[in-house]
Ligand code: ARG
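Before any questions on binding or motion, here is one chain by itself as structure tokens, the form predicted alone.
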């Protein structure tokens, strides 16, 4: 079979394959036709646009393996590719680099097929999985702060990416609602209100429907209780005893705990709603309470746990370790359970209830040792099926302009709500200074300011490689230029405005044609989405999608500058450019939606 016939079958049968995959297959076939490994045919986007749209550097490696001159091999490969009729230009550079430029019909045909798919071909070949994404991580009685920002934004983006790909996704906030902090709060409340029925051992209920403290009061009580426990050993011991009684079902403590949890969940939902975070499960550490004794008994019976210096531990060190790996402590000598205990029990419960293929934990990178211990223990103790992937999605810190973790002016922790409100206020200021505010009613203006502010925060966070730290600079983040959320958003709004004007003028879109390099470059940028989605998924790296949408908006702006759309006199060219604008808008909005960014209709 000739390469041309094979090419036609490949293109017609699997048009939803990404453009780079198709080209690599075509060039690989050319190498195979000369008894060379088709893997040498890998095609990448050219770094020098003046030489070609794509390039293949495989001739150098192939020459080394075959003992031939790389340029001679490249010349032969180019000869094979010319037979297909799919390339407008094939040239050689240097010792054997192959530069590639596509025929317009091939590029347009691919884009037509890709744009006919609502997912732009990104779901093609993806094997659907059941994924649990654990992110957010708020705590009872503690206001969400800047430390929760990245966990929420990154976790939500990964959740949306997996839903887009067709996975079954369970998103769990994993509330911090158990352990000693609860005992501290109970005893602190008792100090101030000792006559409450929750503290009467003889009282059996019913308990009040409304709790004795507000969420604002809880956020004052917890720091006070924590400080008191460090100064007063008697108070600290009473808090540990209260924790034990709570976990063993004391009715009054359970009722008080439920009040505290409910109002804390309500408070955090406000922050999560502002950030567009969606959770299917609002479970927490407390949900493992009944399972932990069963788990501890099983691990003891099956020989996975042992006593070490009075504590119950699971040894997780391996012979290949290059540094010391401490055991996972499940129970201290006083009987208290640890975070590792609840995390391991959570894995077991998730395995039993959901049978996931993968669990992603979106948590600060500084918790890497903890998760390594827990994951090893889960494997060793058969808490999860061997093929289930457990991965810690770590991330760096949000820093102030001094390069240190972001703090308030008085050195306190920055509340997440305040951060969001500051971003919206800065967006409102930028919109007003730009003279945009006069065109909108107050409610629409506030909606635009909210979307711009949230987009500024999200894009700034997600555009960074997640393991890196970054400087929080609202003035820079809210600019309508450069690598910012508002810049990407504005490109989409500009296209919407253009399409509305076209509709008002009775202009319609039509078949794609290519008459200008700016059109071709925009088509190629659109066609690059499947690779970006694959890489972002494999690496759990939303910054790759940020890079894609930025490149796409850059190409659109170049196209908008170089090519008339509404003012184009040629009807077929105008219709084609309107079609290209429609496709571009769909893709920008799709990627921004995955990133959690909502685009207003007007701006």
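Positions refer to the first chain, counted from 1. Here the structure is a predicted model, which is why all the values come from computation and not from measurement.
This protein has a second form, the form predicted in complex with the named molecule, left out of what is shown; the following refers to that one.
Heavy atoms within 4.5 Å of the named molecule in the predicted complex are found in one stretch of 236 to 244, 111 to 119, 359 to 367, 426 to 434, which is 359 to 367.
Taking the partner from the other structure, the named molecule in the predicted complex has no heavy atom within 4.5 Å of any heavy atom of residue 207.
Within 4.5 Å of any heavy atom of the named molecule in the predicted complex lies no heavy atom of residue 150. Residue contact with the named molecule in the predicted complex: residue 519 places no heavy atom within 4.5 Å of it. At a distance threshold of 4.5 angstroms between non-hydrogen atoms, residue 461 is out of contact with the named molecule in the predicted complex.
Checked against the named molecule in the predicted complex, the candidates 138, 183, 155, 486 yield a single residue with a heavy atom inside 4.5 Å, and that residue is 138. Of the listed positions (271, 167, 531, 343), a single one reaches within 4.5 angstroms of the named molecule by any non-hydrogen atom in the predicted complex, namely 343. Residues 148, 174, 176 are the ones in 147 to 180 with at least one heavy atom within 4.5 Å of the named molecule in the predicted complex, listed in sequence order.
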